[in-house]
Structures are given as C-alpha cells and as structure tokens.
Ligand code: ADP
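Below, in structure tokens: the form predicted alone, a single chain.
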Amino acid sequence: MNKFILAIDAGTTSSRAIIFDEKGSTVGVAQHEFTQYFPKESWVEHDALEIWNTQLLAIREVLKNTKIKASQIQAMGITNQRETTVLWDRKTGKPVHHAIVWQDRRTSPICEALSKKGKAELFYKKTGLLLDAYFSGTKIKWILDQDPEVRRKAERGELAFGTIDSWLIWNLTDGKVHVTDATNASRTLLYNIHTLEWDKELLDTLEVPKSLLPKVVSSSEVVGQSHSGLFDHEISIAGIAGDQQAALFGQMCIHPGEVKNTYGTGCFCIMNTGETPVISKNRMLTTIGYQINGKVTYALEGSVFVAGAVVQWLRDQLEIINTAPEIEALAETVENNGGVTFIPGLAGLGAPYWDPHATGSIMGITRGTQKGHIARAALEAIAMRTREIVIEMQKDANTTFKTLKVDGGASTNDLLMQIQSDLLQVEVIRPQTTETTALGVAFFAGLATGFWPSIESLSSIWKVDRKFTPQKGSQNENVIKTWQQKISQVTNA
C-alpha cells in the first residue's frame, strides 16, 4: 500500500490540505477560503472556529478526491500563518474572542508605551524581535485587558493560547495535545530564543499568565494522533512550523548563507544563519529557522507586510483587474512605470522601517497614466521592498547573495520575477514546486516518521523550474532612485 504525507497549510486567507508522495510531488490539493473581518481601521480578525471547520473540510475533501485512505497517510505536518492569536476555553474548546491576525495593528499603542518605558532592548535581546504589533504577545495582552472575567479565567488556568498550529492540533486531538513548535514560539515576544524557554520576565512585562502557553516541541517529531472520530484512521501529527520557516526548509536552504523569499500576502525573506543567532544591526529579525532532534538552526528574517495583498487590493478595491494573475498581462501593456511609484504601506511598513503609521501612496500620476502603469508600479513595489530587505540582510551577514530562491503564489508571475532579478542584480531561482511552505512541513513530518531517511535525501527532491537572469539598464536605476525619494515621504525613517 502506497504511503503519503499530508500537509496542512493554514494560511491567512484560506485553509489548504495537500498530499505529497515520496518524490515530493503533489498528489492532491483542497482549499477553502474563510472570512476576513475588519471591525475597525487597521484591525484584522478571523473566526477561529471557521478556520478549524474549513481546514477539516479541506482534509476530508483531498482524501476523498484522491481516493487515498487516512490509513495511507504516514503522518501530517502543520504549517500556519504565524503570530495570529487565538485564546480559547480549555473546557468548552470555544474561543473567547475572534483570532487577531498578524496584520492587525491595534496593539501599536501597547508597543509604543513599552518602548517609552525602555523595554524594547529587553525584548530584542531575548527574542530577536522588535516591539511591534505584528507579534503575538501584545495581542494576548490586548484580549486579556478587554474583559476582567477573561483575565481572571486566564489566571485560573482555564484558558489556552495558541497560534493557529496549536489551535488546529488541539482540535485534531480533541483537546488532548496543547503544543507549538520552536519556530512559532519564537514569534510571540514571550520565548527566549537563547535559553529555549518561555521567559518569566517577558511574561510579567506583558502580564501574560504562563498557564496559557503551549508546550514547545521540535519542528519534526510525533506530538500526537488525530482523534478517532475525524477520519477512518488515526493520523500521526509529526511536523509543525511557521509558514516562512517551513518554506525555508522546503527550499532546502539548509546551509548557512542560503536565502529564500516567499511572495504571499506579505513577502518574507529568510536566511539560514546556522547554529548561531545573528543579531541584526539593520532592524532585521533574529528568529528560529527550525529545530530537529533538539538542535536549533537560526535565521535572519525581513518581513514585508503587504506584497500579494497589493494585487488583491487592485482587484477588490480599485477593480482594475478581475483576477490576480491578470496583473502580469496588464503590466506588460506598458514599457515602464510611466513615472508612477506605488508605496505599498497598506498596513504600515515592516522591515527595515517598522513604521506602523506609514500609509500607502501612488505617486507620479499624470493625465497620461494608464492602468498598466499602476500595475507595473505595483509589481516593482513588491520587488523593491524585497530588495531593501536583502540589502540590509547582506550587511548583517557580511555576505553578498548570488542567488535568491523564490516561492509563494506571486512567484509564478514571470514579469515580477524578472523585475526582482533586475532590481537585485542576482539570479532568481524558482523551483518546480512553488508550494514550498507545504512541502517543508511535509519534509518535517516525513523525517520524524521515517518516510524520508535523512535531510540529505530531501535535496534530490528539490528541482529548478526556471532561472531569471538579471538584465542591466538605466530603467532599473531610475526605479530605484525614484523609489528611494518617494518612500522617504511616507515613513518616519
């Protein structure tokens, strides 16, 4: 009987289930979108129960469509939108508040107040993270501060906190297992990435009871079984990783200095730094890349909050395209950006600015501006924000990248990848499987259960689809020069 690995990819806008075979090929995919809630400006929420229900539906659907039995699934791995915060009642399993999404900016005042008290250095030293609303810790504090009864329940040990991986595992195991892995823990502002423990000083600073927190496990180990009522056979849960760290592993960036960029809702560039955490001097994040057999591999990360979301905004708000892939053809209708610069600060600006108050702008519009110019400027914006991060990362690592491995939905846009190569002047490499986030967590689950014998054996699975070679030209220089002038107008940097 053939065996397979199931990857759960719990994204920002959809729940997906993907089945891989031993060659790393995709056998089947099922996907269900869930509702995005925007209760106030810069607030973003999800219904955690809807996430669970759509994820369960996707798993059952992919098994049904591929005619693969649960007994043929050797293990499942879970990769998730990081930082999104769920608090739920341990007894009822019901969330006490909508999930607060990583994009949500409501806790910026909490971060600013802590910074004024001189706490930013404490958090950075212990967690490798900047004090920003992006991360989970201040979201937990905000939920607890809204309702005295919720805080009392938390202090009595009646509530549980989790990022989406923990929430799904709790439901998959019928409340028997409350865990997260080191990569997700490292994004909470509560986990000391040097001692590999929840940190009492940080918990006290954010007034978060330790009883809320999950046990921290490796990215690759068996943590439990799906309960018998869900599928026709129990499935081992054997891999967990935040989506960007899973993509790092799925791209086989397993040696120090190797780097990948994921083009999803946001852009996330991560470089493997090996067994030593590199402390950034350029406002990058130091984070845990993955943990296998108790051994931690560290990484440097730069985060762009809005990337593919720019294309969604052009589709849904401006309605200049009907579907996201149409942007490539529209941008191809013009030779250049026509003097238009698009600053994608739709949710503040992440690295290296970390300016929660920055706003988006479309500058340089004239009577001659066409939709194609705006489309092209939007693609250039995604590539320029990535360029800014790569340059700062190279300074921290004291190295120069020769290649950039890419993945994520927008990496299938050939024009964007060529623009990226041109603006960075490095070779951009796209693998055959752009589902590297799901593939990475499948690798973790497969390694833990002997489906694949070793990390080295995985390298032969990763294959190149296309390489984009940089073209030189004054157009690139003009884009960069104009960008640098324009972005200074919307940020406090």
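If you superpose the two forms and keep the largest set of C-alpha atoms that fall within 1.5 Å, you have the rigid core. The first residue of the sequence shown is number 1, and the count goes up from there. Remember, predicted model here, so these are calculated numbers, not experimental data.
There is another form of the same protein, the form predicted in complex with ligand ADP; it is not shown, and what comes next is about it.
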(Q) Please identify, from 214-222, 318-326, 168-176, 361-369, the stretch that has a heavy atom within 4.5 Å of ligand ADP in the predicted bound form. (A) 318-326
Q) Closest heavy atom of residue 140 to ligand ADP in the predicted bound form, within 4.5 Å or not? A) no
Q) Does the 4.5 Å heavy atom contact test between residue 73 and ligand ADP in the predicted bound form come out positive? A) no
Q. Do residue 309 and ligand ADP come within 4.5 Å of each other in the predicted bound form, heavy atoms counted?
A. yes
Q: Answer yes if any heavy atom of residue 180 is within 4.5 Å of a heavy atom of ligand ADP in the predicted bound form; otherwise answer no.
A: no
Q) Heavy atom within 4.5 Å of ligand ADP in the predicted bound form: which of 338, 209, 409, 352? A) 409
Q | 421, 81, 265, 261 - the one with a heavy atom within 4.5 Å of ligand ADP in the predicted bound form | A | 265
Q: Using a rigid core alignment, state whether the CA of residue 413 is displaced by 2 Å or more between the shown form and the other one.
A: yes
Q) When the two forms are laid on each other by their rigid core, does residue 315 show a Cα shift of 2 Å or more between the shown form and the other one? A) yes
Q | Rigid core superposition, residue 380 Cα moves 2 angstroms or more between the shown form and the other one | A | yes
